[in-house]
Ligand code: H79
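Here you get one chain, nothing else, as structure tokens; it is the form predicted on its own.
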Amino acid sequence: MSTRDRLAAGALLAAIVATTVAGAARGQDAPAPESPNAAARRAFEDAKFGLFVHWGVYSLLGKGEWVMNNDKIPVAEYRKLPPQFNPTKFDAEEWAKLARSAGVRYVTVTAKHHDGFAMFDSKLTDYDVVDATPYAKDPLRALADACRKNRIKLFFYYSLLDWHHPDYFPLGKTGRSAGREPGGDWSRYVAYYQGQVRELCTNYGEIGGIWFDGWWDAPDAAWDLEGTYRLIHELQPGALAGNNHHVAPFPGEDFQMFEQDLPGENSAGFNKAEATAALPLETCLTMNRSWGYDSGDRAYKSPEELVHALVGAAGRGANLLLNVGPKPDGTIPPEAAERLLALGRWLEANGKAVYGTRKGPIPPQPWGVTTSRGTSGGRAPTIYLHVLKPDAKEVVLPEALAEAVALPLGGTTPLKKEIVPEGVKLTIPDDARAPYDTIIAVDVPVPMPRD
């Protein structure tokens, strides 16, 4: 660890200690009232793990959610899909139970994707799952009820981009092979999409928020995002608005997301915005290579890779929104379900070091990341070391942690400590190692005020 990193870690550690001491000093004082938006943001940060669901009529083709654009399918041809969409095996309760077993705290489901087809009962169009398919039911209403029953927050994904709507004009960067008649009224389109956002905020009970996408297709268009966010916050004071636009957050947004990347990384090539400290963060990630169902995609990440993604996000102060692409019949692919259940088993044993935590005072290291949990009631704050490198036998911590007690999560024998020039070296014995992630709980002693 460099001197700069050591100093930064020490400063962050001091901030954690100061916050804990101040909290203890307040004793039994009543907490300051919290706005619904602030409470929702805090709960979102506490959640740490969400399930992303990309499901629509595109699943019939088994080539992902971009098939209309990628295969240059015109609107007239694509409109033949809804009459074939009849997901008779869809069971909202089974989806919610699977999410609950996986340790998921919220679900974000596609209400409308770029193809413009609404997977909910919209009164503003007949191009929706109730009016245009033999299924003739609203799966999102069933999912909203099931999530509420299983104490899972429900967010709606909504694409601002629309390859189908005649008023989405001028065309953006994509959807140019849709064969639409040229022309349209942009202001009518804005009224249409905001009307659908209103439906999502009024017809499904209390929701977690709206997850927007597609702004990047026409970044110079008059989207009236300010008006859209105001609408959401007025109709649902506890709902959060986020936008997958890959640039710095706009006013009115409540969280910042990163697609296929952890905050601070840009392997995907379009996550150029820096993480904003003032907002909760989220990383959305495919379980294989596809968002929507792709029958030929077998490149599923291993449970170990997914645990590392979840912990890597938490160690950077972000949630993980892990995607599944249901089949056209409404079932979750078994490969995806197996991995979700594996994550659930891991979280059942190790969730204490993930849920409700914030990124730790030590920045990401070659051996792994840290999360932290401030405490009240006279106990010390805890820093969790997530040692993700299986051959890491030693971890060096800042000098400020010289008096801390380090225990394997759930263990009773403190790790051996040694003062070295770089700080405090912990030795991890072989019998303390765990599959996927060796977690060390470091309890930080702080002076607590006397009665």
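Treat the numbers as computed from the prediction; the structure is a model and nothing was measured. The numbering used is simple: start at 1 and walk along the sequence shown.
Not pictured, yet referred to below: the form predicted together with the ligand.
Item to complete: Identify which of 224, 91, 259, 199 has a heavy atom within 4.5 Å of the ligand in the predicted complex; exactly one of them does.
Response: By the 4.5 Å criterion, the partner-contacting residue is 259.
Worksheet entry | Residue among 316, 114, 339, 153 with a heavy atom within 4.5 Å of the ligand in the predicted complex | None of the others qualify; the residue that does is 114.
Discussion item. Can you work out whether residue 52 and the ligand are in contact in the predicted complex, taking contact to mean some heavy atom pair no more than 4.5 Å apart?
Written reply: Yes, contact at 4.5 Å.
Worksheet item: Quick one: does residue 213 come within 4.5 Å of the ligand in the predicted complex, counting heavy atoms only?
Response: Answer yes; at least one heavy atom of residue 213 falls within 4.5 Å of the ligand in the predicted complex.
Worksheet item: Do residue 169 and the ligand come within 4.5 Å of each other in the predicted complex, heavy atoms counted?
Response: No, residue 169 is distant from the partner.
Discussion item. Quick check on residue 246: any heavy atom within 4.5 Å of the ligand in the predicted complex?
Written reply: Residue 246: contacts the ligand in the predicted complex.
Worksheet item: So which stretch, 412 to 420, 33 to 41, 52 to 60, 388 to 396, is the one near the ligand in the predicted complex (non-hydrogen atoms, 4.5 Å)?
Response: Heavy-atom contact with the partner occurs in 52 to 60.
Item to complete: Give, in sequence order, every residue of 138 to 159 that has a heavy atom within 4.5 Å of the ligand in the predicted complex, or say none if there are no such residues.
Response: Residue within 4.5 Å: 157, and no other.
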